[in-house]
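In the form predicted alone, a lone chain appears below as structure tokens.
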């Protein structure tokens, strides 16, 4: 088991990396040479290590190849606020300030491999520059929104998180019904604005009413429709497709 992020990433050819849900590099770049330059750098590391920290200079963004990542920032009073969780295929590290500094920190939740994409390659392309600008603005709005999170009761918040994870796993070719919560109860509570005890009690309550089966970090969704009803609707094309194929017509 590796104990730290390699200062020199382990290199792999693109064809050896087959993340479910496709590869961002293959979508962004046309030439095989460019794809090899951007996609073959892979960092493998272990739980609780940082990919980057808030305030550091930012010259790249990342795609999760395997494992999971937590992003967070520290408020003015020194409290940690969880901003989101990233799964295989997700892009992270696009949230930067106008001075090209990290707006948040990213830490590994488990042994994880990631691919690094330098900003310099994208800023040479008009669409790449626009992408970074739009993403940075969106991330700032998302961060502010998360800090002011004050919607839904505990059941609705937990259901929303689990519904979102199920949808994301399903869209990447994994099971939407059974998966592992790589984040701790404390992380979930921080992300959703709930006490750790409330998170545990809510999961127990959802299990008692037959919506879930929970064994520590293992979660099995027994009633997708019931969970989605608690979570409420989401305006998202992937979520709609997931709802139609998994919730309305279970597989």
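Numbering follows the first chain given and starts at 1. Being a predicted model, the structure only gives us computed values, none of them experimental.
Below, we turn to the form predicted in complex with the DNA, even though it does not appear here.
Should residue 198 be classed as touching the DNA in the predicted bound form when contacts are defined as heavy atoms within 4.5 Å?
Flag for residue 198 set to yes.
Does the DNA get within 4.5 angstroms of any non-hydrogen atom of residue 53 in the predicted bound form?
No, no contact at 4.5 Å.
Is residue 80 a contact residue for the DNA in the predicted bound form, using a 4.5 Å heavy atom cut-off?
Output for residue 80 is no: heavy atoms all beyond 4.5 Å of the DNA.
Is residue 153 close to the DNA in the predicted bound form, meaning a heavy atom pair under 4.5 Å apart or at it?
Yes - in the predicted bound form, heavy atoms of residue 153 and the DNA come within 4.5 Å of each other.
Just one of 194, 58, 63, 212 has a heavy atom within 4.5 angstroms of the DNA in the predicted bound form, so which one?
Among 194, 58, 63, 212, a heavy atom within 4.5 Å of the DNA in the predicted bound form occurs only for 194.
If you look in the predicted bound form, which residues in 165-186 sit within 4.5 Å of the DNA (heavy atoms)?
The stretch touches the partner through 184, 185, 186.
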